[in-house]
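Let's start with one chain on its own, the form predicted on its own, as structure tokens.
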Amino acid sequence: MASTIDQHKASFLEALQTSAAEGSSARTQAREALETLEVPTRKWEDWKYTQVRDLLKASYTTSGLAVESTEGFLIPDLEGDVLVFVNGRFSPALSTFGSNGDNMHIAPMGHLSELLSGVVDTHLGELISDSNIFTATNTAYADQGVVIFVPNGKIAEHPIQIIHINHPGAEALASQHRNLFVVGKHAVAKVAETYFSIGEGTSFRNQVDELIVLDNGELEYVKIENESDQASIMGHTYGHLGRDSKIRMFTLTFSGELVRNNLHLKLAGENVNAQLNGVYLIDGSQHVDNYTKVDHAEPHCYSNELYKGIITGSATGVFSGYIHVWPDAQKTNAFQSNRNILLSDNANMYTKPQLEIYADDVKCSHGATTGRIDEGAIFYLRARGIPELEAQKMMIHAFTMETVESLSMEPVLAYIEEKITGRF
């Protein structure tokens, strides 16, 4: 007799089966893999503090309610391309793109030019193995997403904003999304991706991002999660970085019922510079889990991770960071830090920084702190006439803004600062 979790898995996958998922050998292989792949449990070390089986219990549909406008969803003053996805489907009426001309080729899946079709054929699925049930599900059933290609030597002067809006109705909504970003040699691109759920319904989005930055390329990528208390995200981001490339990644979670951000970067060429920063500000019964893995495969590379959390109510934060230095990766510099402030007695934080080093000549460090807000600093501010609540907001602002101060997209930085200031 099938177990309860197997029954939930079967009904969940059945709801996602659409005609759009037919025809690809990769899809067929992923569907075959799903027959044996298991749902992670808390007995698995990498999922020790995050229970995901409840995500599969709902009776999902792949359609939701309409959204007529992007008002309230656009990042103010951010001039550039905008691609909007409503309930997982591309919305041409709400999207505008083409501001970068030939410096960037961008299109939603299903609307690809011959050039972008070639990029997809070459690179899509290159970085993942579909050994995870959620990534395999995405490969099997996702037919929506964004393809961005910056040719060699081109600089995309205008950033791209990708907006996801889920508006579930009476039934729980499930959406699958797949992104492929390829930044060519000596090319530059900037992307801001935002997530919203509106209404009172339940939603679950399962997303896979593949980021390929070739030699001397540069990518700045910001992910901002503004989900409702009934919305969950299972996100997987895979990056492959060529020689002398640079990447700056910022992952910000302001709300969501259950959010799991999986990030795996491979520094596959010499002299790569990778900056990975994250912020999570959660309350109520929200649960946010950030899992990162950085593979230093070549020498003379640098990575720096800084994740910070503010947790209150009975919310739970999880951070698991893993740095792997391969035997040939001499002269590696890899640093990782996770810092957290708990604002209530029932807030929880679990942190697990890890180093696995097989090279001799390296500089690597990791550390984690979790504690209360500095009462001495609060007293200092109150002694100068600042009300206690305002003093606390100032402390939160100073603590979290360190993670995004290197962000070059000024309108995005202002948007984030406003979100942080108004969060609690």
Partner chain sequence: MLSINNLHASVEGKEILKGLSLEIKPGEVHAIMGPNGSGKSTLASVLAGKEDYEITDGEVLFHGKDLLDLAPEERAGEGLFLAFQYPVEIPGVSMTNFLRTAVNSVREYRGQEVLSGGDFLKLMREKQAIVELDANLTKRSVNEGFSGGEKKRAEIFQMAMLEPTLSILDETDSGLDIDALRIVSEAVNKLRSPERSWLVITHYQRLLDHIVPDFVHVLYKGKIVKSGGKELALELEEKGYDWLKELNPA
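No experiment lies behind these values; they were computed from the predicted model shown. Positions refer to the first chain, counted from 1.
Note that the form predicted in complex with the partner chain isn't included here; everything after this is about it.
Contact check for Asp361: every heavy atom lies farther than 4.5 Å from the partner chain in the model of the complex.
Heavy atoms of Lys43 never reach within 4.5 Å of the partner chain in the model of the complex, leaving it off the interface. In the model of the complex, no heavy atom of Ala66 sits within 4.5 Å of the partner chain.
In the model of the complex, no heavy atom of Glu35 sits within 4.5 Å of the partner chain. Look at 351-359, 365-373, 48-56, 387-395: in the model of the complex, residues with non-hydrogen atoms within 4.5 angstroms of the partner chain sit in 387-395. If you take 348-386 and check each residue for a heavy atom within 4.5 Å of the partner chain in the model of the complex, you get Gly376, Ala377, Phe379, Tyr380, Leu381, Arg382, Ala383, Arg384, Gly385, Ile386, in sequence order.
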